[in-house]
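First, one chain by itself in structure tokens, the form predicted alone.
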Amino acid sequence: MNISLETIRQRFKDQGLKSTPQRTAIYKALVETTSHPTAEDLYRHVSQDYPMISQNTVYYTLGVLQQARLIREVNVGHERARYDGNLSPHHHLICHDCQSIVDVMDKKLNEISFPTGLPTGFEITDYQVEFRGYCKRCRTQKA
């Protein structure tokens, strides 16, 4: 999905965030991919256009964007956190071997009824379903 700079600026403005070239580049890279990159992946990508950017800037920006609820962390047992710029309701396929994460868009999964017997006062605000297994490439390599 291509996102315009004006859309990014408006999203930042709506969340009270300053729109800097580096912040914009990191957010744009994240929103336009479905690969659920790590901070290091984003650094390598963005540093091609912004060679003076530091890894600390990327980590800091990811924290700011996450606090503003513009992105979410997808930490599914990986060594490093992965990030998702797709905030629409969706779920994930996760490969045990290569740790790839693939989006699953299924409206039926978005209609799951919440469990009964929750602690008093607990309010569910979001959920994601994770399917774990082995992707085709990893299954082929094992055969």
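From a predicted model like this one, the values you see are computed outputs, not experimental measurements. Numbering starts at 1 and follows the sequence shown.
If you look for the form predicted together with a further copy of the same chain, you will not find it shown, but the lines that follow are about it.
Practice prompt. Tell me, out of 75, 55, 67, 35, which residue has a non-hydrogen atom within 4.5 angstroms of a further copy of the same chain in the predicted bound form.
Written response: Contact residue from the list: 75.
Worksheet item: residue 87: heavy atom within 4.5 Å of a further copy of the same chain in the predicted bound form?
Response: No, residue 87 is distant from the partner.
Worksheet entry | residue 135, heavy atom within 4.5 angstroms of a further copy of the same chain in the predicted bound form | Result yes; residue 135 sits at the interface with a further copy of the same chain in the predicted bound form.
Discussion item. Under a 4.5 Å heavy atom criterion, is residue 40 part of the interface with a further copy of the same chain in the predicted bound form?
Written reply: No - in the predicted bound form, heavy atoms of residue 40 and a further copy of the same chain never come within 4.5 Å of each other.
Fill in: Proximity of residue 96 to a further copy of the same chain in the predicted bound form, heavy atoms at 4.5 Å
Although a further copy of the same chain is absent here, residue 96 would touch it in the predicted bound form, with heavy atoms inside 4.5 Å.
Discussion item. Taking 4.5 angstroms as the heavy atom distance cut-off, pick the stretch from 26-34, 111-119, 57-65, 43-51 that is near a further copy of the same chain in the predicted bound form.
Written reply: Going by heavy atoms within 4.5 Å, the stretch is 111-119.
Worksheet item: So which residues in 38-58, when you check a further copy of the same chain in the predicted bound form, have a heavy atom no farther than 4.5 Å from it?
Response: Nothing in the stretch sits within 4.5 Å of the partner.
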